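Next up: just one chain, as structure tokens, the form predicted alone.
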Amino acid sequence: MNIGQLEERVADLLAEARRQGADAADAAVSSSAGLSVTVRLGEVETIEHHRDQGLGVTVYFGRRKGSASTTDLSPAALKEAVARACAIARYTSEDPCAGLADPELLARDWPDLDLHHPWEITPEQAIDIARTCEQAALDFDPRVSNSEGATLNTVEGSFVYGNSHGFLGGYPTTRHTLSCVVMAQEGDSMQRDWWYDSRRAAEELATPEAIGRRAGERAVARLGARKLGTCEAPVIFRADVAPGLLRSLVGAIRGHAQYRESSFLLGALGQSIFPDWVRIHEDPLLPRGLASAPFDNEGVATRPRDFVRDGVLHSYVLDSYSACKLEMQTTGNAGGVRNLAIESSGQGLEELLKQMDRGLLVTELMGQGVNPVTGDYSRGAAGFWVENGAIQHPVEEITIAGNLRQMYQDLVAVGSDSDIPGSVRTGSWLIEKMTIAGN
């Protein structure tokens, strides 16, 4: 369905909610279609054409709330979804914070963020691209001996949101991704690694050859990995694993974690949580950004925002409900943070290695050992041991441990090597000291 058809569905649904007695309502509908092709060892493994759609509706009877969802967008199914939501709302308890976003904060004349770039690609063309990508990885080095495949995925979709304040808007998007996963072997040592790229416009994707070569290079570099003895040392989180540290920050400053008192940064607004040179911000209006949006999932206008400035926490991540619970105003983050970034302190990765002198470069993290309430951090890791500012050998079967609040305070530098794909932009992080547990 196109944007106009989806807007008609939402408008009809809101009218139906009024007919069934709801005081207020909102609804969001999405529709997407795409192609996914995987090639393994030169042979086609899967070809999938996929199409998805879904709608969610929330109704309010005073401060009582009910929600329902459906994947059937027929008029009868929409009417039934509204009836289910109304039935739920009539029996729920009053919640003083239940309701729509402040109408004064809703988006009006939003910009075109250039998010829609359809790729007219046939399955045969997609197969050729994936095959070229995988072959580049296999050709990189004779030790690249096996593959889990190369996958090309392209999706075109539309999103529409509306509410009974009179807001109704939507926009189309595209996303194109090419990835490759390979294994390298030397003697008894076998290692697996990968690389990918993801863009709104297909012409901005890295070449299949470049993605494949990088996957092969990363796998070969890990051969001959050793174990380490337990020690304390500086740690660099390479740019492709550093986004996890920013996501932990976002989780800690979400309004829902704050009002539930389940955050290691509880009540930290206005406090210094990083060194004074650190700035962390979002830019939801970035043209072609992978997380760009002119309004959030409540219709609130989005805008660039500093979460951390001069090392101080200046803003939580709030939707309307959590803002009400905290007696604050929404930050336009219903649905998440968009195009999060941390500013670099200027050094490239090689400079960070020299600055660290001796320590661990982390290139892979395993497990979920992050406690969002206490900030305790303990995760399996692999990477490279560094001496005299130079990589000496790969390492594996280690655990790195610390506390996120202290790790943020101990941030020494953020690299300029932020060439990773994705909606979180960061270079490598140099942390002053962590515990490294080995054999």
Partner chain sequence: MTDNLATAKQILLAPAGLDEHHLAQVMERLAGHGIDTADLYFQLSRLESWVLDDGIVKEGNFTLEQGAGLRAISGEKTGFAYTEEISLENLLEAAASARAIARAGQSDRIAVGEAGKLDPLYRPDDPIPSLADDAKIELLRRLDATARAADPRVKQVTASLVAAHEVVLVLDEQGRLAADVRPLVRCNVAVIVEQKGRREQGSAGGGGRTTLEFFLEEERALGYAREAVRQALVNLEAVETPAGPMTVVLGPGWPGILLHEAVGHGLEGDFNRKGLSAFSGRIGEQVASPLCTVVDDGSLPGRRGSLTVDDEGTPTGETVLIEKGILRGYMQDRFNARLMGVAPTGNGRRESYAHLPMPRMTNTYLLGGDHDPQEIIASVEKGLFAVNFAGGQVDITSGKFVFSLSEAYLIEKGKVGAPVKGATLIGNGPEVMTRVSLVGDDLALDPGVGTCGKDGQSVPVGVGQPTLKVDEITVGGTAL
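Since the structure is predicted, the reported quantities are computational estimates derived from the model, not experimental observations. Residue numbers count along the first chain shown, from 1.
Quick note: we don't show the form predicted together with its partner chain, though the next part is all about it.
Any of the heavy atoms of residue 369 lying within 4.5 Å of its partner chain in the model of the complex? Yes, contact at 4.5 Å.
Please check if residue 217 has a heavy atom lying within 4.5 Å of any heavy atom of its partner chain in the model of the complex. Contact with its partner chain, no.
Partner proximity in the model of the complex: residue 435 to its partner chain, non-hydrogen atom cutoff 4.5 Å: Yes, contact at 4.5 Å.
I'd like to know whether residue 409 contacts its partner chain in the model of the complex, with contact meaning heavy atoms within 4.5 angstroms. No.
Proximity to its partner chain in the model of the complex, single hit among 306, 186, 310, 72 (heavy atom within 4.5 Å): None of the others qualify; the residue that does is 72.
Answer with one of 128, 343, 351, 95: the residue that has a non-hydrogen atom within 4.5 Å of its partner chain in the model of the complex. Among 128, 343, 351, 95, a heavy atom within 4.5 Å of its partner chain in the model of the complex occurs only for 95.
Interface segment, criterion being heavy atoms within 4.5 Å of its partner chain in the model of the complex, picked from 292 to 300, 254 to 262, 105 to 113, 160 to 168: Answer to the contact question: 254 to 262.
Taking its partner chain in the model of the complex, which residues of 27 to 55 have any heavy atom within 4.5 Å of it? 40, 43, 44, 45, 46, 47, 48, 49, 50, 51, 52, 53, in sequence order.
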